[in-house]
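Take a look at this one chain, the form predicted on its own, written out in structure tokens.
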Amino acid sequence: MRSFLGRDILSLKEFERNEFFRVFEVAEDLEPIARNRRNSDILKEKTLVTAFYQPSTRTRLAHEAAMIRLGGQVTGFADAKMTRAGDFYQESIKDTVKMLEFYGDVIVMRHFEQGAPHEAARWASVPIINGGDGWGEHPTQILTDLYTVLREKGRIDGLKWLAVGDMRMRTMHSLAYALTQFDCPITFVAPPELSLTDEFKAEIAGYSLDFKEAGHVEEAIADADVILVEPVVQPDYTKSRDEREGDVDLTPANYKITRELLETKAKSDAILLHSLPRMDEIPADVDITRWSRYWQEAFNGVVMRMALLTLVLGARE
């Protein structure tokens, strides 16, 4: 297995099966630190730099919380418009990361341009973690989701997945790449205009992913062990900020996970994931049902980032 020391975490296309389980092993070992709401000194001499060119709640704060739980320091920016990268100068990614590498030991970047973290990794002498790049990938979120499934179900292999939402989403791309390493059939449900592209379907078929598509959640939910949902009403992820103007469309019934649907169609032990934020695709009355796991997912997001930071900074091999 390749060492994680100094390694960039850019894409799950690059992950081998045993590397997933190594990350999960370290996460499980570190989990009591977060669960007991204590801080350690594992990374007490290290600093995380956050470079967020797009809005974020969970991804940025989970990385920051993870570093603090490990005893490290945090610096960085959460709004590129308040930096020279986003104002009049439009400072290049190269120039920005060549500076940021002197301010810390690892950089987590979210950017509206697909491939921006990969570009950063070309120039930085410290590890780059992809916190989401345009319509590209979101590797740390899907590592979080897989770890949640492992902790909740005790296994990943042999589980059937249902993914509902906008298939342009970076989470969907990372999910498909990740499941190529596991025995997990998956059904994708999306509006026709937001479905998997022919190019992407050919790519994941080439990796032997067992997948199919459906037009309505009711066609696939009965067989699902894991239901992963994203909104079908999305902002434009190629923009640094895409704020609402007026009313937005609501989620059509085909792509909505209601309490009634779960009670009448879903397996009693299926688990429901959502990386959040949500709109109306999962109504609030689902939160207290036995299917929901998105709050556990949010907690596991801190644990997963703790594991990644510990590994790429060499505190664990």
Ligand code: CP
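In this text, residue numbers run from 1 along the sequence as written. What you are looking at is a predicted structure, and each value in this text was computed from that prediction instead of being measured.
The form predicted together with this ligand exists for this protein as well; it is not shown, and the discussion that follows is about that form.
Within 4.5 Å of any heavy atom of this ligand in the model of the complex lies no heavy atom of Thr50. The closest heavy atom approach of Arg69 to this ligand in the model of the complex falls outside 4.5 Å. Of the heavy atoms in Arg58, some are within 4.5 Å of this ligand in the model of the complex. Shown alone here, Gln141 lies within 4.5 Å of this ligand in the model of the complex, counting heavy atoms only. Of the candidate stretches 42-50, 252-260, 27-35, 271-279, only 271-279 contains residues with a heavy atom within 4.5 Å of this ligand in the model of the complex.
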